[in-house]
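Presented below, as structure tokens, is a lone chain in the form predicted alone.
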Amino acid sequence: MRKTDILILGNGAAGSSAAFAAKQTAPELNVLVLSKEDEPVYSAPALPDLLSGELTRAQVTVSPWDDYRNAGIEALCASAVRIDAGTRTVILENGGEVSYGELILATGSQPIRLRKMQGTGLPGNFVMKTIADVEDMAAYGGSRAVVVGSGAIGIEGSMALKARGFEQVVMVEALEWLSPKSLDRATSDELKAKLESFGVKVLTGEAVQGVLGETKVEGVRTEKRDIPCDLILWGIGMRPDTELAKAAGIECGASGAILTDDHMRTNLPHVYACGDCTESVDVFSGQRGAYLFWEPARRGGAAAGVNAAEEGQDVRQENRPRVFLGTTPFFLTNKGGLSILAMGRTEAQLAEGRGTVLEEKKDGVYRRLLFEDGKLAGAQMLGTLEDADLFAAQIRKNAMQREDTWDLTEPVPNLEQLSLQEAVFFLRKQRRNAFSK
């Protein structure tokens, strides 16, 4: 049996951050990282650029193995199959066991796969979660692709395949417009036009019913048509990977992700969790959920690493534990000349009779701002990221307001009579006045 002070399951954004933070906090502790992939930490958001050929494998790597060795972090390619929290032991797929002082779960998320659908097991079906997924897709080749789903993976995957040289790329979305959880219909229409200007055909309101082909992918069947293709990229969502946690008795929330406190501790002693496998608070809305984003995964991982290291040293009373303050969920992509940003509420989420929407389309740029009671509640933009930090700060402050608390911002006066640009000028002025106080 191997023994280690801190054992981390997973080596993505959260797990690697936890490992480096733990060693920085307590260099004398042994830190062991177990990962199903034999890869150092790499940027998952950069995988579409690897697929398009714009970046190399080395360029998407965040910290090479030398960084782990120099920090004194041990990393092994191994799969855990069971956690025994009572004996502080993790059992591995190869029969080995690892005894730990503190355990950090950073098991991430897994792509949703429609395994029961006809033809989804044929060669030519792909997801885009790992470097191996991208390299397998690139090696498979082809000239015609269908991308199922219109989230970040669907949009960026479509652009990447087109940039890679695919003659035909068709995006298929079962819902009536693209990314309806993040975008209003008007923004979706603008995005559809942008995608089609890049050569991506977009079909909405069509559910995929099956995959055509006997020995390999030859096409996709929707409710309305058959679409010939050589390759399918499935981008229909991710789910937290929590099988190990649930089997060990670790409590999960309504989202299916692991529940932690703001120090990343689970309900079991000496067990922490961070990243995509955990539930967190959306700072824009105050709602708990599974928010799968790179940046909060790194912050949560760092918090888990610091706190586990301090627990391992038994000096928690002497050092203030690091707190994870929640997730700021952005729908963001900026690939191949296409930039999209959405944050906060959509029009359907505004209180009835209290919402105002301003939009502007100029010089290839589309902006849409959503207000409730005169205060910014959401923003959607295509073709620009200008003022993104201003909008995020305003939405967050407005979301923090509660009954019997101080107002952090002022409503925009005469909002219904203003243009979008005039409303933005007011928000900028409000920020300047706040800084001058």
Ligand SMILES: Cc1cc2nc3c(=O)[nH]c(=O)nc-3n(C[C@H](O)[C@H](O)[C@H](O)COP(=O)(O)OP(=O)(O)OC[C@H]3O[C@@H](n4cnc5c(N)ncnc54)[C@H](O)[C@@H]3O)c2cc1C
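Residue numbers run from 1 along the displayed sequence. Everything numeric here is computed off the predicted structure, so don't read it as measured data.
The next section is about a form of this same protein that is not shown, the form predicted together with this ligand.
Colleague: Have a look at E359, E218, D241, E347 for me and say which one sits with a heavy atom within 4.5 Å of this ligand in the predicted complex.
Modeller: So the residue touching this ligand in the predicted complex, by this definition, is D241.
Colleague: Exactly one residue in T260, S179, T107, N125 has a non-hydrogen atom within 4.5 Å of this ligand in the predicted complex; which is it?
Modeller: If I apply the 4.5 Å criterion carefully, the residue I get is T107.
Colleague: Does any part of N267 reach within 4.5 Å of this ligand in the predicted complex? Heavy atoms only, please.
Modeller: No.
Colleague: Can any non-hydrogen atom of A22 be found within 4.5 angstroms of this ligand in the predicted complex?
Modeller: Contact check for A22: no, nothing within 4.5 Å of this ligand in the predicted complex.
Colleague: Classify S143 as contacting or not contacting this ligand in the predicted complex by the rule of any non-hydrogen atom within 4.5 angstroms, answering yes or no.
Modeller: No, S143 is distant from the partner.
Colleague: Please tell me whether any heavy atom belonging to A14 falls inside 4.5 Å of a heavy atom of this ligand, as the geometry stands in the predicted complex.
Modeller: Contact check for A14: yes, within 4.5 Å of this ligand in the predicted complex.
Colleague: Would this ligand be touched by all three of I153, F293 and L332 in the predicted complex, meaning a heavy atom each within 4.5 Å?
Modeller: Result yes, every residue of the spot touches this ligand.
Colleague: Where, among 370-378, 387-395, 43-51, 61-69, do residues come within 4.5 Å of this ligand in the predicted complex by heavy atom distance?
Modeller: Only one stretch passes the 4.5 Å heavy-atom test: 43-51.
Colleague: Listed by sequence position, which residues of 76-97 have a non-hydrogen atom within 4.5 angstroms of this ligand in the predicted complex?
Modeller: If the 4.5 Å heavy-atom criterion is applied to this ligand in the predicted complex, 76-97 yields A78, S79, A80.
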